[in-house]
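Quick setup: one chain, the form predicted alone, written in structure tokens, and binding and motion questions come after.
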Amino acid sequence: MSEHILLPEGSIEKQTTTLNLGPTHPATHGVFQNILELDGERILKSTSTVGYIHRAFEKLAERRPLYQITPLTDRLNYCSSPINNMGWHITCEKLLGIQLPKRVDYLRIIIMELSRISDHLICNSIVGVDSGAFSGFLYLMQFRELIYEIYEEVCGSRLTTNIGRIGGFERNFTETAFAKLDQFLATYPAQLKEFESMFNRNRIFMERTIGCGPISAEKALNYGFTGPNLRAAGVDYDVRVHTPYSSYEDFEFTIPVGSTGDCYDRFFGAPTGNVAEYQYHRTGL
């Protein structure tokens, strides 16, 4: 539907369009509803309704023993379900005072980092789809499948993994799991760079993401942003660095930080962390 906005006397009447985006629109994936006021392709106002995927996790967990919660945490984010599993297991271990061997910590880090990579490549390739570039999504899905094959070797499942146990893992990693991990490490980095080159200097992609949905560092903190969304706003906080767990203190890595918190920063900040390269792409110099 359309509505008319009356401007001051002597000016031209301006017409905007009200669009109901979601919760079943392909761009919202059933997560939430947006009522948008549009001036052409420019969003002037957005009214959001959240909660469409609320799963009553806390209430369900009240009636189950600790070891039966993992299938619930799987479904808090199907793109990276093992991280949710590990978070629950670590919470229980803190409660029970369990100290884990380094091997378990390192195996967990392997699984958690694969989960983050899988989540980021899905999110970033979908940003390309939503802005009109579909081929990048197809190009990277082969690596999500390879990660799922590693999960399958470790626990027998792929998407909702039920991976790990309180105190460690159900079983040791197989030689096949390590072989697939070696294959991933040998092939993914170069193809990730190739994927990024499809978007970083793509004029259409830049025009559709730079300046889109910016959020300040102050607002991001006030709203409780975390992860890449918080770092894109310019806050160099990474829980793995500032409050290490599972022996993350044994590793060094760069925290990628954006400057404006817009869609381009969120896209660019998740997989790279090269500040000089980021500034080059951001300014076009």
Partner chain sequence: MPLTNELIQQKLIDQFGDQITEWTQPYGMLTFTAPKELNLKVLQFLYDDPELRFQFLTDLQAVHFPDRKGEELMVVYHLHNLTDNIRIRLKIYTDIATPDVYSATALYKSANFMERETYDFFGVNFVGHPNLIRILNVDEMDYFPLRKEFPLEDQSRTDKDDDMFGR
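Owing to the predicted nature of the structure, the values given are computational and were not obtained by experimental measurement. Rigid core here is just the name for the largest C-alpha set that superposes within 1.5 Å across the two forms. Positions refer to the first chain, counted from 1.
One more form of this protein, predicted in complex with the partner chain, exists but is not displayed; see below.
> With the partner absent here, would 19, 203 and 259 each sit within 4.5 Å of the partner chain in the model of the complex, counting heavy atoms only?
Result no, not one residue of the spot touches the partner chain.
> State yes or no: in the model of the complex, is some non-hydrogen atom of residue 44 no more than 4.5 angstroms from a non-hydrogen atom of the partner chain?
Heavy-atom contact with the partner chain at 4.5 Å: absent for residue 44.
> Should residue 94 be classed as touching the partner chain in the model of the complex when contacts are defined as heavy atoms within 4.5 Å?
Yes, residue 94 sits close enough to the partner chain in the model of the complex that at least one of its heavy atoms falls within 4.5 Å.
> Quick one: is residue 216 in contact with the partner chain in the model of the complex, heavy atoms, 4.5 Å cut-off?
Output for residue 216 is no: heavy atoms all beyond 4.5 Å of the partner chain.
> Taking the shortest heavy atom distance, is residue 224 within 4.5 Å of the partner chain in the model of the complex?
Taking the distances in the model of the complex, the answer for residue 224 is yes, it comes within 4.5 Å of the partner chain.
> Considering non-hydrogen atoms and a 4.5 Å limit, which listed residue (245, 251, 67, 237) is close to the partner chain in the model of the complex?
Selected option: 237.
> Quick one: which of 107-115, 166-174, 182-190, 94-102 gets within 4.5 Å of the partner chain in the model of the complex, going by heavy atoms?
Result for this chain: 94-102.
> Listed by sequence position, which residues of 36-54 have a non-hydrogen atom within 4.5 angstroms of the partner chain in the model of the complex?
Stretch hits, in order: 50, 51, 54.
> Is it true that residue 64 shifts between this form and the one not shown by 2 Å or more at the Cα, once the core is aligned?
No, because once the rigid core is superposed, the C-alpha of residue 64 moves less than 2 Å between this form and the one not shown.
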